[in-house]
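First, one chain by itself: the form predicted on its own, in structure tokens.
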Amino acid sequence: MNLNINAQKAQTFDAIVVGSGITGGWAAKELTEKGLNVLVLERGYEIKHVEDYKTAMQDPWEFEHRGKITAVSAEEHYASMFFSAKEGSQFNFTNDKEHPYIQKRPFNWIRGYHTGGKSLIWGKHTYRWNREDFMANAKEGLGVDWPIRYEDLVPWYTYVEKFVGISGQAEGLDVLPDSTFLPPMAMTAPERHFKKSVAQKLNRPIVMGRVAHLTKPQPWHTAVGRASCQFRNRCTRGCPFGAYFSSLAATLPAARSTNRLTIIHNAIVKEIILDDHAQKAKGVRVIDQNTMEVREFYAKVLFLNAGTIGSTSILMNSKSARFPNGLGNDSDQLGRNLMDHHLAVGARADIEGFEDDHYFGARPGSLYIPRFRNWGNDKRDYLRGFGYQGGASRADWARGGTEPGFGADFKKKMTQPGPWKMSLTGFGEVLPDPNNRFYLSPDKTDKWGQPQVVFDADFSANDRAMRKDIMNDGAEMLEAAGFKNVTTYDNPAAHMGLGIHEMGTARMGKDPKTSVLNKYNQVHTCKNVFVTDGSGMTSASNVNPSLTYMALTARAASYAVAQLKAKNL
């Protein structure tokens, strides 16, 4: 009997965090720094910061296929092949053949099953949401009202921004609230011309993209081993300088320094174990990815940070007499209101007249054009709005793959900077819709016996009307700058999931009858379970969501620890 008691004690922690990505890292950091012994369960394999970034220092010509992914690898990584996975970074993207899912309607589920998750491959554009983002649902009668407002997150935005390190510049725009910034990256000469032209002719502001790259590291950045961005733009291979923010380079080292962090890899969380008497979670049941061994771990509080689909799948799979349709699913909202951002739509142009202007290095950021549609006095025949990311650069040696030519003169030409070009890609808000959803297959399982996810979601008429404006407005701005050969594009293969900003499926709300989580990301009906990744989002805004996920996580962790100390969990 003593052996059993000791075994259970060895598998008991103050808190369990499921997932080691961008929010799992924050949960681990905040909970350990507040004195809790924390277990992080990562379903993927272990990656060690710096030493496991095998391709980080390789030049393009050192890759067998010059960076292009092979046909076999493309089949294995089909979801991320659209623009993300390359020969040097495919190991950071999940193999879809090994981890299958079902598309009732097309959906690209791009994942990173390893330490750090998608924080190793994210785009790093980092923006606060604005006041209207938290009120739009209530004003327009869509979805449910957010249980919080912008002012509730302001101190937490500031708190996480300081630790993350965001380069950018204060602009004083209501539509794009300022953050706490490190120095901004520089615009190229055509971009400065573009900014001035669009401001004069169309009265639209253009800002330097706000990105989570260190341009001037502060003592708290260097304390965890991070250094300045080297402008190599090889981020998806892993950054040995820790220059861009990832859980691997920043939050997990901070948590580890407390000596209160344990991480277990290859641990697929199957379900939450419910204490039927106390109506609280008492732990999780886990399948070892390699050995198939089933183990249980116990804690006073659980944080689900497995990504929007992963966290909600765990809740769905956690069935009991109290929760026959999944833990916390009294409202039937688990899996519903799946959202993403528009992508693969915009405009391009050639630029003449700046041939004597050059730049050094490969800037990892871009311009940002804040939302101007359905803002202020502008009214459209659709709801919400969009922004753009993009910029101007000179074509490099890779243009030799498509330009005609051969011989010594052609090779010499490829060593010189190519012509200037500019591209704008729209990021638009997708509305919450209960019919856009995923659910767990009743009969298809993966090799670990877990039900496969079935996606059933698509863009709405509102979304498609917005995509037309994204194309046309992008072209209008490029023409206003006098650029040449302006063309628009809306890739017909674009569908939900490509934005890699999946949100919703376990939304926050004021009423347990219509939502899963309360204002602290706490499951309404199971108080010691918190979900702080994209699952809880009640609407999608049009700006990148990761900063808001991080702020919500830090806020929820602070609340959870206070509730633990008050013996309310």
Partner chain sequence: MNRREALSRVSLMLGGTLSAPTLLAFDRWSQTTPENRKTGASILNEEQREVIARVAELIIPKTDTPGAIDAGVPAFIEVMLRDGYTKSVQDVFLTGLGNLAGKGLLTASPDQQTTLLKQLEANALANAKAGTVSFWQLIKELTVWGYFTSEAGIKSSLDYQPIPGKFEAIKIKPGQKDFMYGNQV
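Residue numbers count along the first chain shown, from 1. Keep in mind that this is a model prediction, so the values were computed, not measured.
Just so you know, the form predicted in complex with the partner chain exists too; it's not on screen, but the next bit is about it.
Chemist: So which stretch, 115-123, 348-356, 281-289, 382-390, is the one near the partner chain in the predicted complex (non-hydrogen atoms, 4.5 Å)?
Modeler: Answer to the contact question: 348-356.
Chemist: Check whether Glu51 has any heavy atom within 4.5 Å of a heavy atom of the partner chain in the predicted complex, and answer yes or no.
Modeler: Looking in the predicted complex, residue contacts with the partner chain do not include Glu51, since no heavy atom lies within 4.5 Å.
Chemist: Against the partner chain in the predicted complex, would Ala250 count as a contact residue? Criterion: heavy atoms within 4.5 Å.
Modeler: Contact check for Ala250: no, nothing within 4.5 Å of the partner chain in the predicted complex.
Chemist: Determine whether any heavy atom of Asn203 comes within 4.5 Å of a heavy atom of the partner chain in the predicted complex, and answer yes or no.
Modeler: No, Asn203 is distant from the partner.
Chemist: Is there a heavy atom of Pro219 lying 4.5 Å or less from a heavy atom of the partner chain in the predicted complex?
Modeler: Answer no; every heavy atom of Pro219 is more than 4.5 Å from the partner chain in the predicted complex.
Chemist: Name the residue from Pro451, Pro417, Pro183, Pro155 that puts a heavy atom within 4.5 Å of the partner chain in the predicted complex.
Modeler: Filtering the options by heavy-atom distance leaves Pro417.
Chemist: So which of Thr445, Asn233, Thr487, Asn325 reaches within 4.5 angstroms of the partner chain in the predicted complex, heavy atom to heavy atom?
Modeler: By the 4.5 Å heavy-atom cutoff, the listed residue in contact is Asn233.
Chemist: Residue by residue through 373-400, which ones have a non-hydrogen atom no more than 4.5 angstroms from the partner chain in the predicted complex?
Modeler: Stretch hits, in order: Arg394, Ala395, Asp396, Trp397, Ala398, Gly400.
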